[in-house]
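Just the one chain here, laid out as structure tokens, in the form predicted alone.
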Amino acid sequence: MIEALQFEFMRNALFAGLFASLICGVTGSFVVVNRMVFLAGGIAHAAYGGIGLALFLGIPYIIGTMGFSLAAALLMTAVTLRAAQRSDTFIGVLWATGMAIGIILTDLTPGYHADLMSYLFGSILAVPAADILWMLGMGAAALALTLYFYRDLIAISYDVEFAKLRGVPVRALYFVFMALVAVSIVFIIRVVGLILVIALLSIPPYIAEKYAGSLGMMMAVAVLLSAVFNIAGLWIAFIFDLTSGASIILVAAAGFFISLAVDPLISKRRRQ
């Protein structure tokens, strides 16, 4: 891996992976604890409509995708809070609609779009320095918001009714943090692609939740696990000339299945 860091694109990829880990560990923990993985998946796939819109209008990818993702996130969150029992259907419809809009707008855009594959499956080796700075800023913003609202987040994540009695603005916080998830997804797409982004948002927090005693510890462990998965996947992709995004997710999936296999052994040891 040290050899690979001679190249600027590998150094950029490493920084992108580390900053993506910070974003995923913090926002992904909120998603996992609140059982909103399907909602986050809906936002991620609906984001393809923003990619198509950016191509069609000839505007920067960040602007088109962020606007579309935010709109989808706020709409999905509103439906989830108003009619939770039917939200999965609505999310599924928006998920499919967003992707369909993206495909149609891409078809209507003249020319060949070679970079579409990088949006679908990620291209961490091609992440520009400007995007890395954006990711650093996004990670810092996610961390700052989490620290500021930490007590309220614990309340709404584990006991919504208690949070409401305490006067916590539950609905407003859900909207704020799902908007944060939407913006996070836009940046993580460049690392692993929109098809795989949900795995990076959910696998590290899921593993961390089982071994952490608090939400803060869960986030810290999730950030660390995500960093390990990103670095290991990047190294494997470099050594074997594989697609980096898919390699990162396969490493994360291996960690997920190892944690499932280890769970019974840990439970047995605790009982003894």
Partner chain sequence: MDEPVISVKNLYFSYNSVPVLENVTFDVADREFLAIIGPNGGGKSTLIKLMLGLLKPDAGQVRVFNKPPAKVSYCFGYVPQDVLVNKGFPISVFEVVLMGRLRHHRRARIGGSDREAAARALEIMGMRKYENHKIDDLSGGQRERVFIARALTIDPDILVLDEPTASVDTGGRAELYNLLKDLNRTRTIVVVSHDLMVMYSNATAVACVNRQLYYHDKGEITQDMLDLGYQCPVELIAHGQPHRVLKVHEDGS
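Computed from a predicted structure; not experimentally measured. Positions refer to the first chain, counted from 1.
Just so you know, the form predicted in complex with the partner chain exists too; it's not on screen, but the next bit is about it.
The partner is absent here, but in the predicted bound form a heavy atom of 165, alone among 104, 176, 96, 165, sits within 4.5 Å of the partner chain.
A single residue from the set 133, 172, 147, 108 has any heavy atom within 4.5 angstroms of the partner chain in the predicted bound form; that residue is 147. Figure note: of the listed segments 123-131, 69-77, 157-165, 180-188, the one touching the partner chain in the predicted bound form, with heavy atoms no more than 4.5 Å away, is 157-165. Among residues of the shown chain, residue 218 is one whose heavy atoms approach the partner chain to within 4.5 Å in the predicted bound form. When the partner chain is considered in the predicted bound form, residue 86 lies well away from it, no heavy atom lying within 4.5 Å.
Contact annotation for residue 213: at least one heavy atom lies within 4.5 Å of the partner chain in the predicted bound form. Under a 4.5 angstroms non-hydrogen atom cutoff, the partner chain in the predicted bound form lacks residue 227 among its neighbouring residues.
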